[in-house]
Structures are given as structure tokens and as C-alpha cells.
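Consider the single chain below, provided in C-alpha cells and representing the form predicted on its own.
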């Protein structure tokens, strides 16, 4: 489980450090930085997939994603006695992402590449440093893999360091290129764990959504990010997962209702039986809110629960009456996976806050900077370049 998250220099997240628990609810006003926090977590996951540079490019490149304010605020700026203005930079331009956990911790520092007039890729960000360690906090004795520039060193079982790579490209992470089942098993284990992190923010419920149409059915223990394999995911839960919990979650939101999957020629289609109706309704006939809730049921009751699941505004399209059942469903899923919910729905936030293992992370914008209003930030040390 992740116990702390650190972000520096990313959009409005100039310097954010957060304590995490089993169930985390990120909330705040529009523009407070909730989406940036969600995207920062997604960027961390993209590192393990080897897509960090491409993901930053899709956001407009490093320059577009960097903190746009001054490197630091003077006391006069904070009190309003002086207008916000640029200061002489003391540190190199960088975007830093990191986390600490009960088993491992990881941090990466991305910066500007060296000038190269011969390359058309000279605007790509460069990975300057990476560190992996055991436990929550990085220290001198618990780091087992470190990257500085193109060189990567890995500590062996005896505690001695060896040079694993000398010429790692600036766009390649040691997470993807130095994982080895013999000499760097910790790297490999953490990489695979991060690859299994799941993010749900584009569950489609529009008229042409794949979830509304029959789809080829195969065992599907993990619902796709857009819900395209909805029927197969529900049937997988029915056969090898928490079938009773699924029935309870559906009945909790829609008393007397039940969902089943029909199969014809290998094509799976979901049907929902509801109290008072003479026939079941197909997925194509369900309202957007009903379909979205059922998609969340399929996601949260996955027979293959991930270490981390992140839900971005799961309340979209849902009637207020569905928020309490959704909160109970999320709390149940948090017993199997660490959950981060990003939401501005007061009813959902309040319902989740009542759960014993829930932690509320309230964000606020001050002078264009996102701050966390939950006490003293956790200790954190960034790797040096």
C-alpha cells in the first residue's frame, strides 16, 4: 500500500506531499488541482508502462506541464504586500513524482534535455534521476537501485553496488529497462505491481458506448477503462468472483433488481431484471446513470483486485440516490485494494468520510498553487541529480 505521495513542479502542484490510507477521497472546489493530482498518479503508472515521455508530450510537453509560478513565494507575496513575480532560480527546472509505501518507494526527476540542434526530439523531457528503496522514506541505507543521468547502479544481496547500465537513454526509465528476475527482482516486482494499477475516468455510457452492445465474451477479470468488455466482466464475476457481493450491490441501488448475461454465438449481452417490469432491459435500454453504476460494480468487484485503483469523478451521471450505495460499494472494494476517489460530490464525499478507514484530502488553490488542508505534510526526500 502507498502511504505517502509526493509531487513537485507539476501544473499547480508546486510542492504537494500527501499521506495515504486504504481509502482516500480527494476533494475541493473546481480548479483546486484535483484533476492534476489524478493525472500525476496516472503519470507514475505510465512510467512502468514505458510511456512517461509520450504521456507528457500528449499534455503539451514538459514546458506545458511545469509549475508556471515562481520557484518560491516570499512572505510579502503570500501576505499580498508584494505582487507575485519571478525570482532568481536556484534549482534546475524539474518535474518530480514519487511515492513511499509499506514495501517499496520510488521517485523520478524529469528535466530539460541538453541543447541539441541536430535532433528534432530536443523538446522531449529527459529523465535525470530515479531511485528505488525499501519502505516509506528514502535513506542512505535502504536504496537498492539508483539512476543518475545515463548510469544505473543496483545493490546486490551483499550490499555492494554494481553498474547495471552505463548508457540508458534519457527517455527510458530504469523501471522498464533494468528489471531483472535475478539481479533486480525488486525492480521487476514493483514494475509489475504498478502496471496493474487501474484508473477509471472514461467509462462510456453514451448511446454508442460499447457496453450497450453485444461483445465477444472471454474471461475478463479486469474491466476495460472504457467498459467495452462489460458483459464478459460481469459474467466473470458471476463465475469466479464475488457473485453474491455483486447481487447485493445491484439490489442496494435498485431494490429487487438483478443483472444477468445472455450469450448467443459467443456474443455476451447484459440484461437487468427490475421489480414491476414484465421483461428484462438490455444494456442498450438502460439510463446513463444506471449503466454507469453497473460499470462501477464490475470495476470495483474485479476478481483480480489491483494494489491501487483510482476513480475520477465516479458520480458523473448518477442520481443523488445512488451515491450512498456507491459509497458502500467503494468501501467494500477498499478491503481488497487501496482506493483513491477524486470527487466534488458533497454527498459521496460525506458518505465515504464516514467510513472508518477513509482519509479525506481537501485541496485548495492559493496564489495559483494547490495546497493540501490536512495538517502537516509527511516527511520526504527527493533524489539528487
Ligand SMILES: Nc1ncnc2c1ncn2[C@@H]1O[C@H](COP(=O)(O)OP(=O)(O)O)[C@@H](O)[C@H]1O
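Numbering follows the first chain given and starts at 1. Model, not experiment: these values are computed from the prediction.
A second form of this protein, the form predicted together with this ligand, is not displayed here; the remarks below concern that form.
Answer yes or no: in the model of the complex, does this ligand come within 4.5 Å of a heavy atom in every one of 29, 32 and 35?
Judged in the model of the complex, 29, 32 and 35 all sit within 4.5 Å of this ligand.
Can residue 64 be called a contact residue for this ligand in the model of the complex at 4.5 Å between heavy atoms?
Yes - in the model of the complex, heavy atoms of residue 64 and this ligand come within 4.5 Å of each other.
Although the partner isn't part of this model, could you tell me whether residue 24 comes within 4.5 Å of this ligand in the model of the complex, counting any heavy atom of the residue?
Judged by the heavy-atom cut-off of 4.5 Å, residue 24 is well away from this ligand in the model of the complex.
How about residue 365 - does it come within 4.5 Å of this ligand in the model of the complex, if we only consider non-hydrogen atoms?
Residue-level check for residue 365: yes, a contact with this ligand.
This ligand contact at residue 68 in the model of the complex, heavy atom, 4.5 Å
Heavy-atom contact with this ligand at 4.5 Å: present for residue 68.
Quick one: find which of 49 to 57, 347 to 355, 35 to 43, 327 to 335 has residues within 4.5 Å of this ligand in the model of the complex by heavy atom distance.
Residues of 35 to 43 come within 4.5 Å of the partner.
If you look in the model of the complex, which residues in 1 to 26 sit within 4.5 Å of this ligand (heavy atoms)?
Contacting residues: 11, 12.
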